[in-house]
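A single chain, nothing else alongside it, follows as structure tokens in the form predicted alone.
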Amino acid sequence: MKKRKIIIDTDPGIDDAFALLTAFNYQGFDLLGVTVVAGNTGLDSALNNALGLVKLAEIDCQVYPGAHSSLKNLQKGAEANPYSSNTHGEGGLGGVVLEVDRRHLSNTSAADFIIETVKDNPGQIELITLGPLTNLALAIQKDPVTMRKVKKIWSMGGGVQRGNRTVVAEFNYWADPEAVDLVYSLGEEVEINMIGLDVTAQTSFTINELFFLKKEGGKIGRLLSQMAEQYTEVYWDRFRITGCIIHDLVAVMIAIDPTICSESDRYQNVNLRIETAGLSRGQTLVDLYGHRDLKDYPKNATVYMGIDHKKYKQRFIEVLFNDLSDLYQKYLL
């Protein structure tokens, strides 16, 4: 199998932890680096979490520090945004503290690393983004010509019919809509896949499945289950749902195996815009059906709206816990 050249941009994050460990374990990826942005937690915590996950996975991978705040705030010279620990818990991983090896921390900035890597591998680099898109936007501002040579972007963010940070806005895109606007300006030349709340909402993990990871998944499974305890508390308190949605894992799994979504689940060559002001700040406006009044707008996105949730979970178990696949299918599918 020819390995795909991958950079993951992330803000770890409980769901990022699930996603990163899965991507680290997938043999079809040639992971070139992990770039980090503030989002689910502040930049320092996000960097420590990324470094801890790299050490836990025992992989040789550098971590690159990125933006501590949104594009707009950086342009103003503002300090880092304050971040709430309510959803992801203390430190960003549900109170789990991982051992860190700072030898994996690079002095090169995230934006510079992305630019240099794309320049050295034109038309070959796929970016998987699991947080606010600030690092990508900074790279575009610095070298738009090189960034048009990215092969694909798989972006967890946005939503066509729902929000979670506001009534209409998903958190990652709400956190930096100006960056989103800049990234999708590449969409006529670079394939950009939006994997938003419409898809992730269909993939909730049950308490039984999280218990399975705890009992059968070894050290990794126990840690992920422990992290997810914070999530399940939040989902019950806010939504009266038992279980939780691991949003960022969905983006990684679709990037690994797009066949977990059918042709009818994805809308190709559609127009996507984002609101950057007012009550609807962070809302993605997606023309799924080619509205006649928007026919001259750029076709800048592929938007995912559905998924085979059983196949998604089965493939996740296969990738991260290969020897548990039969057990999972027998007792939980």
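Note that residue numbering begins at 1 and tracks the sequence as displayed. Note that the coordinates shown come from a computational prediction; the quantities given were computed from them, not determined experimentally.
Missing here is the form predicted together with beta-D-ribofuranose (BDR); even so, the following discussion is about that form.
Would residue 212 count as a contact of beta-D-ribofuranose (BDR) in the predicted complex, using a 4.5 angstroms cut-off between non-hydrogen atoms?
No.
Would residue 203 sit within 4.5 Å of beta-D-ribofuranose (BDR) in the predicted complex, counting heavy atoms only?
Residue-level check for residue 203: no, no contact with beta-D-ribofuranose (BDR).
Indicate whether beta-D-ribofuranose (BDR) has at least one heavy atom within 4.5 Å of a heavy atom of residue 176 in the predicted complex.
Residue 176 lies outside the contact set for beta-D-ribofuranose (BDR).
Taking any heavy atom pair closer than or equal to 4.5 Å as contact, tell me whether residue 114 reaches beta-D-ribofuranose (BDR) in the predicted complex.
No.
Looking at heavy atoms inside 4.5 Å, which stretch does beta-D-ribofuranose (BDR) contact in the predicted complex, given the options 94 to 102, 244 to 252, 212 to 220, 136 to 144?
Contact-bearing stretch, as computed: 244 to 252.
Of the options 185, 109, 225, 164, which one has a non-hydrogen atom that comes within 4.5 Å of beta-D-ribofuranose (BDR) in the predicted complex?
It is 164 that has a heavy atom within 4.5 Å of the partner.
Just give me the residues of 161 to 176, first to last, that have a heavy atom within 4.5 Å of beta-D-ribofuranose (BDR) in the predicted complex.
If the 4.5 Å heavy-atom criterion is applied to beta-D-ribofuranose (BDR) in the predicted complex, 161 to 176 yields 164, 170, 171, 172.
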